[in-house]
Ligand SMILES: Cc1ncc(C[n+]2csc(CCOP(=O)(O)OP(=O)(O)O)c2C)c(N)n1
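First, one chain by itself in structure tokens, the form predicted alone.
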């Protein structure tokens, strides 16, 4: 704990009170808004964009039913989670934030995407509009209304093309309707995992603030997501007292009354309003407010106020917008099994488009004929977008792997992002070497962090106990004294929020290094690591850069037993989109960690608890090690022995034992598991004809099996014996010393494996 915070005993009788949650504070209407200065063109745009959303989703229904005459035989596949009835939330929200602000969305996010893009285009310059429109189109840059009309059609075309899975879609058809994004417009992506974007939005808001902008992020989530664990972790993270200016994120719960079929009120929660949850996170109840989500102006008013709070340093803010989805959870959902016609009729009676159209009539802004023209224009645009999408390009199967990894790094940034000396709390110094130039691995890790944080002020470090304390294994000790809490800070025990917020921060331009204390704990974070961090770049058409490093440890031999000693590297190696590094020596740990921080892709960086105290020579001069390059640590002729992480040391001992018995063993350390340097290992196997792989994980389903497969694939004719794996038993790591020692591969067990392949 920080030494300047004293937690003293205090047991004074009394009661805890909570800041009130405001309900339905907005009492205005279109007439009062116009009187207060609402732009008349914007007032009409609110209707126009609600109509775009409604017509867009009505078209999906028509396609599903075969009712769209030009495409009567077309079989529409993909997501069909519609938000008809909720248009007021999408349009009210997007009209209230700036075009450069960020949003995250949900699997029911067609409306969010259409509205975000529409208001971005409405504010764009003629040059921006011309750039947005397809290159093939002929444009007159002096005709802004014409440009805007073309751009709006292009926006709807790209949106519909994504639903059709076409190259012209916003994500090249890789994501589809549930995963649509456009980073140019600040749309960081829709999310098919309920609640999956809570932490991403929080990290994006935090990152925007750390980059010195006043951009905010609106996290649009459904009511069902508010009951998910990541909701608690993210809102608690955003409310941490150490964020002196607050985290500029708005959590907007779009409460359409049903998770899938479960009712929020009276069934799956014990509260009447989800906004009550705000009282659990900060003294201001997160400025929580319940809003009439069927009134586009009420939503606009609430989001405007919340955005201003965030820009003033008073975030986060929690809004609950009460609305209703007219359709079922999906088009295959028979909604009549869980809700009444009376209930549906009551909500239809306050339809956001109908009620707002009436206000436009009453204020004289539009006539009945004009409203009908807007409706017809929206429908025509959607029909054109549908035909465009149908005739658009199917992705070439040969491009299936495109977009998985970025091929860029921050190697060449120069001094643009260097940390000014004025921001340092103390002078950085190199770790003292012994007379052979050696330091401990944990010192090498800390030195790499300090060097990269000096080189690039976008690099931040956070996780459990990494700041003042220096981490559970002292691997970040000394970093806090140099950079302070703005660059390295502690988090709550929130394993999902840690990599999730790192993902969001990376997407907006930061380069976070986050720590999961033990790899055992990564199982609590696997949605964020596997469904979010790993997939966002590919799922969004290869557009995102996610320069995020997730540091974690594997162990064993300390008596920590089954939940603090596992080697779960195979869990993360099987998820496309992650690079995985497992160094052994201090030299490799420093050089590879620096490369990982500079890489524009997410990297899981695995450190072994026993390796932290290993000494090795580490130059004081600047160096990096390429990711994906193995090293031959010991040359030999008879057997290739592959070992990574701490097993490298056991393998080197085994090679010595083998040498005493007349066997020449070549030791190869892959260092990087994904991508795996098959060529270096194969060259060794072709020389020796024999392969033994050593790992600390259990044998079944392990990464060593993957290595064995890849080597038999390319070296089958060279192998003189089947490959052999020396691994742990297929049990959780036991605590009892005799069992734990038996479970971890020893030099003697490895030697037995070497003899077996001879």
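Just so we're clear, the structure is a prediction, and the values are computed from it rather than from any experiment. Positions refer to the first chain, counted from 1.
Same protein, other form: the form predicted in complex with the named molecule, not shown, and the subject of what follows.
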Which is the contacting stretch out of 434-442, 363-371, 142-150, 191-199, given heavy atoms within 4.5 Å of the named molecule in the model of the complex?
191-199
Taking the named molecule in the model of the complex as the reference, which of 288, 550, 533, 225 has a non-hydrogen atom within 4.5 Å?
225
With the named molecule left out of view, which of 455, 179, 564, 329 would have a heavy atom within 4.5 Å of it in the model of the complex?
329
When the contact criterion is heavy atoms within 4.5 Å, does residue 259 count as touching the named molecule in the model of the complex?
yes
Contact with the named molecule in the model of the complex for residue 273, defined as at least one heavy atom pair within 4.5 Å: yes or no?
no
Give a yes or no for residue 108: in the model of the complex, does one of its heavy atoms lie within 4.5 Å of a heavy atom belonging to the named molecule?
yes
